[in-house]
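Read the single chain below, which is given as structure tokens and is the form predicted on its own.
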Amino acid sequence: MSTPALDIQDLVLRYGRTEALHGLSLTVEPGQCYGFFGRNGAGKTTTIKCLLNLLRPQAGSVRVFGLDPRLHEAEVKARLAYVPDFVTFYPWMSVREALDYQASFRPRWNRGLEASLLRQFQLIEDAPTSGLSKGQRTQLALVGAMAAEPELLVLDEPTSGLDPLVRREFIQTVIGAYQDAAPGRRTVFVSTHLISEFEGLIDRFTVLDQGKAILTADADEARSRFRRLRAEFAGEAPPESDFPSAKSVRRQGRTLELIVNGDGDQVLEGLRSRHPVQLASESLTLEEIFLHSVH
């Protein structure tokens, strides 16, 4: 068994009387792209700050590559890169100086990848960081994170401020290429509300709500469990009460649309026994699974 890239157990953190994290547990295996989903204020950034030793939890444990970040902070941070939602740089530095400054702290730095990403994001090396837009600052932070070639990439709303075309290109090519360069060894832990844009990359995910993990699953397993069933009837559709196990039932004229979790075949047979003129079943997307989990 390999050592998890990230292992959080029974994490509790309070701000005064407010409990931001309630016994949170999750494990991220090496090589995974792990999604961390939740509404604003759910505790996602608080969790990330705990694993970076920026916050000290009152209970529970955090291990990064098997190490306690409180006791081995330098070693842990040398093996990961972090891109926060809001990025700042020393305002007197240029883009080139900011990258060289970051590189000076890193055991390795891929200059070829750095140059390629600067061209891709169209960042000018002698431009002052004080004149960069929010999106450009995020791009510069992403260049630094990727060029360091870390074992763990921690992203907190990494595409915030990026326009849709740049977001798509970054997610599909940059993150994908980062993991493909060392299969099974490079791990991504991404907190995002733009779940649909990461759909094809996420291997496993946790949905956080009010500081608690309300759903943790492999992405493929979740898509097989959460299904949308749609049945159209020649006459009046059967009552919603006939399908008590469905998470939701919506009636549109003679059509019923049901969302099910894990008992789709049973509900499907129940619909089929009522002789619909049309019957269809499809998996939910991860974004739809998230929406149905938190409501």
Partner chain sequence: MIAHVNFKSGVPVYLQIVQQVKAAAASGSLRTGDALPSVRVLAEELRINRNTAARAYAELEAEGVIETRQGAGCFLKANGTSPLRKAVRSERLAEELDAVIIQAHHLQISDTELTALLAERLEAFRERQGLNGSSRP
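Numbering follows the first chain given and starts at 1. Nothing here was measured: the structure is a model prediction, and the numbers come from that model.
Absent from the display: the form predicted together with the partner chain. The rest refers to it.
- Contact with the partner chain in the model of the complex, defined as a heavy atom within 4.5 Å, is made by none of Leu24, Gly41 and Arg63.
- Shown alone, this chain has one stretch from 179-187, 100-108, 86-94, 137-145 that lies within 4.5 Å of the partner chain in the model of the complex by heavy atoms: 179-187.
- Using a 4.5 Å cutoff between non-hydrogen atoms, Gly31 counts as a contact of the partner chain in the model of the complex.
- Though the partner is left out of this view, Glu269 does reach within 4.5 Å of the partner chain in the model of the complex, counting heavy atoms only.
- Shown alone here, Arg223 lies within 4.5 Å of the partner chain in the model of the complex, counting heavy atoms only.
- Although the partner is absent here, Leu194 lies well away from the partner chain in the model of the complex, with no heavy atom inside 4.5 Å.
- Though the partner chain is absent from this view, in the model of the complex it lies within 4.5 Å of a heavy atom of just one residue from Asp209, Asp203, Glu114, Glu149, which is Asp203.
- Contacts between 247-263 and the partner chain, taken as any heavy atom within 4.5 Å in the model of the complex, involve no residue at all.
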